[in-house]
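The form predicted on its own is given below as one chain in structure tokens.
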């Protein structure tokens, strides 16, 4: 899975840099992509990091030093091992006072970087996503008001379980505006939800609502995650 994902990254990167001089990718936290980030960091042919911009799909409203932080994991496994300029890394600004303020600031940062007109959405070259057992993707959980967000680029999310952290996430209009979206899904605990999304077309599940307008959509599954598929 990681090798295929890297080959797509290289292919998409080459095309983006040829067309506009840079690659803009939004990547996710979680356990599944850890091996991918380690492999990219040790990739034998150095990627053009000086022309690569890395954004985060979502983040917990915790310090970047926290073990719960997506940025911390991505930095530890990938960013600190490659020659990427600091200004090419775009973490979610969790230093704001509230998760709502962090979402607003991240949105402002994206509007500024992508030079967006009023009501416009960024177009990422590549977005990596995962799927939770409950069918969530990014930090877009079932029954969350953020699922219906039509205008904002980023949204604050309060999971129903009090034990879970507040979060900031990119919204569906941004995700579905991407040129390439790759789901990485591993483990037998994901088999049921993968079947619901791919075969039963359960549109209630957040991950099933990832439908790029014009871009390409890939599902990379290990044998366990795909075990219920026909």
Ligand code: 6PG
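Numbering follows the first chain given and starts at 1. What you are looking at is a predicted structure, and each value in this text was computed from that prediction instead of being measured.
If you look for the form predicted together with this ligand, you will not find it shown, but the lines that follow are about it.
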Candidate from 28, 52, 171, 180 lying within 4.5 Å of this ligand in the model of the complex - any heavy atom: 28
155, 92, 127, 131: which sits within 4.5 Å of this ligand in the model of the complex by any heavy atom? 131
Interface stretch in the model of the complex with this ligand - options 172-180, 55-63, 195-203, 38-46, non-hydrogen atom within 4.5 Å: 55-63
Considering non-hydrogen atoms and a 4.5 Å limit, does this ligand approach residue 190 in the model of the complex? yes
Check residue 103 for me: does it contact this ligand in the model of the complex (non-hydrogen atoms, 4.5 angstroms)? no
4.5 Å heavy atom contact, residue 136 to this ligand in the model of the complex: yes
